[in-house]
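The chain below stands alone and is given as structure tokens, in the form predicted on its own.
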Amino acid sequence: MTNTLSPSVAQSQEPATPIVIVGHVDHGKSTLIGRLLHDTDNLQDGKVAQIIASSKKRGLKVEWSFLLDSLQIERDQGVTVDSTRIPFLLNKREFVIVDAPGHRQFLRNMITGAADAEAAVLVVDAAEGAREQTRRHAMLLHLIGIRHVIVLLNKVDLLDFDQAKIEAAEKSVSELLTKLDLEAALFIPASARDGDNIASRSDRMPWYSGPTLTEALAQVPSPASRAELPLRLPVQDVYRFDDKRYVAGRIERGRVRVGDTVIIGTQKTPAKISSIASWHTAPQISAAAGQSVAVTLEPDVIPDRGDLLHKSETPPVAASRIRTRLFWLRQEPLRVGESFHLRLATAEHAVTVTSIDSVVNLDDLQKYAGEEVPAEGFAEITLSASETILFDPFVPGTADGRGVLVDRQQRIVGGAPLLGPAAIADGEKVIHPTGSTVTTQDRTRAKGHRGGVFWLTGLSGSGKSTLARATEAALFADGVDVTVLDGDTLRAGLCKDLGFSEADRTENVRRAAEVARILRDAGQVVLVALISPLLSDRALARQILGEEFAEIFVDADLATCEQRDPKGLYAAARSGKISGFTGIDAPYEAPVSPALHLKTSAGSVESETKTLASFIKDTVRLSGALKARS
């Protein structure tokens, strides 16, 4: 957003203290920030007039939240959709206010926006108390590890500043925080709209003797306290200038001085800090937590991005199986066996969910056993990697061990603080899938299209294999890397040990889906031609394959399929030579809402092939060159 603050904010030389402000979408969070900036003279001249004019235009009183709502969608809907970081000066001390989204669909932005905060202001409507979003936000503060929590009981003017009612609201929020092992540093009754107890003491609550919000912020510990912890310097990048190699990164913990010997990452190579670069300033001989630095090493070793520089006497934990606390952001449940990338500071590691150890019930905040983590759910899980991961276990109140999980599209799907190494149980199979160094984006650029799985389901004789092979040829001619997994081909090799019982059919689908996933992850377009008659089996395939799965219903009525009967199977089933045959004495459950419905009873192979090929090309987003050839 455009910087609306006074130029003096940028003049402070001390590390800024990040403060995240969270709250239910209607509890007045953005109004609080706008009022806070106004009452502490952190607005540019003329900004208040703009807010007043904008408020009048909409028939409102002075709407301080308009200061924060830089996106039109936010003004129109009254919802903050992205984390906004605002420099803020208070008594010559610099803060960064992180305005984190309150609406539940924007919680992903809160995870990232609040990740480095030293303290939090939890805004709660005193008249409404702890709502579902309040519970989620409190859980997130617990997950992220923010220990210094200021609870602002807002809108107390709606309670006529009644002490008993306000103290009842304080008690309910305090009980919630206690269940999450959080303790509020302060409870401040306030009216953000009117400015009561924001920067000046309210004369409408003479019974309240605690600090105002600005006084409470002044008591928040400085990030400089991390300077006394063991050194942790994640490598952001390596640059070369004038025959010198500079290792750049932000010091997360501890101090570094010229002459110090550090250990580099999992390679455990020792090197001496030869210099701390400085341009147009006096030479630096040391730096501390919170500072971004560029150092030179002796000997001139080359660290990788994500390597962790530390002292030999205080190493981080090294493990490939890690217990993790999780806030799950994807709308589909998380299940064992799914793979992601774990981002930890500047490092990124391929990991697989080995186990779901417990799931948190948001209603009572109790843990229970579960086979999956629901959307926007909290859990403790175990992650496994094919390489050693260096980390400091998550400690509330610090930045240690704060990781996030990202999917193949580089979307954040979960916040994942690392609790510590995971022990291996007796008799447990330990499997560490090897992650590819070739990314999905690399493959997309090279091939000109994304990978994807197109699952053709329908009765025997409906034309699945015929369409799949014809479409394969058409796509290949257009430069698409395409493969067909046909039911008979699979049963001749990979699945030749399977029969046609319901259990064997399910296993046949599972194996086909796993193979398709491997090919899809390698960037291929995969056409699976499989009767797969049951909805539950195709749901299993969708679970294995995730979002890059499209169900194609190849629809021909039973009479047409029997008339075609290319393999003589219907005749054999009618004569009793084959039992459990789909469409005769075994059910076929048609797709409820397929991605594409091809009616092949009357359509020609050529027309249906053209339809299917066009659908696939649109789905995998072919490059301009490939589109032109098609």
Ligand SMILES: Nc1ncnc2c1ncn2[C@@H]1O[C@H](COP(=O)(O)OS(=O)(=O)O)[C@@H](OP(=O)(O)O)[C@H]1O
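The first residue of the sequence shown is number 1, and the count goes up from there. Since we're looking at a predicted model, the values are computed, not measured.
Missing here is the form predicted together with the ligand; even so, the following discussion is about that form.
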*Applying a 4.5 Å heavy atom distance criterion, does residue 582 contact the ligand in the model of the complex?*
yes
*is_contact(residue 377, the ligand) in the model of the complex, heavy atom dist at most 4.5 Å*: no
*asked:* Can you tell me whether residue 241 touches the ligand? I mean in the model of the complex, with a 4.5 angstroms heavy atom cut-off.
replied: no
*So in the model of the complex, does any heavy atom of residue 401 sit within 4.5 Å of the ligand?*
no
*Taking 4.5 Å between heavy atoms as the contact cutoff, choose which of 354, 460, 191, 324 touches the ligand in the model of the complex.*
460
*Of the options 123, 530, 416, 308, which one has a non-hydrogen atom that comes within 4.5 Å of the ligand in the model of the complex?*
530
_Since the partner isn't included here, can you check whether the ligand sits close to all of 96, 148 and 221 in the model of the complex (heavy atom within 4.5 Å for each)?_
no
*Counting only non-hydrogen atoms, which stretch in 200-208, 130-138, 464-472, 156-164 is within 4.5 Å of the ligand in the model of the complex?*
464-472
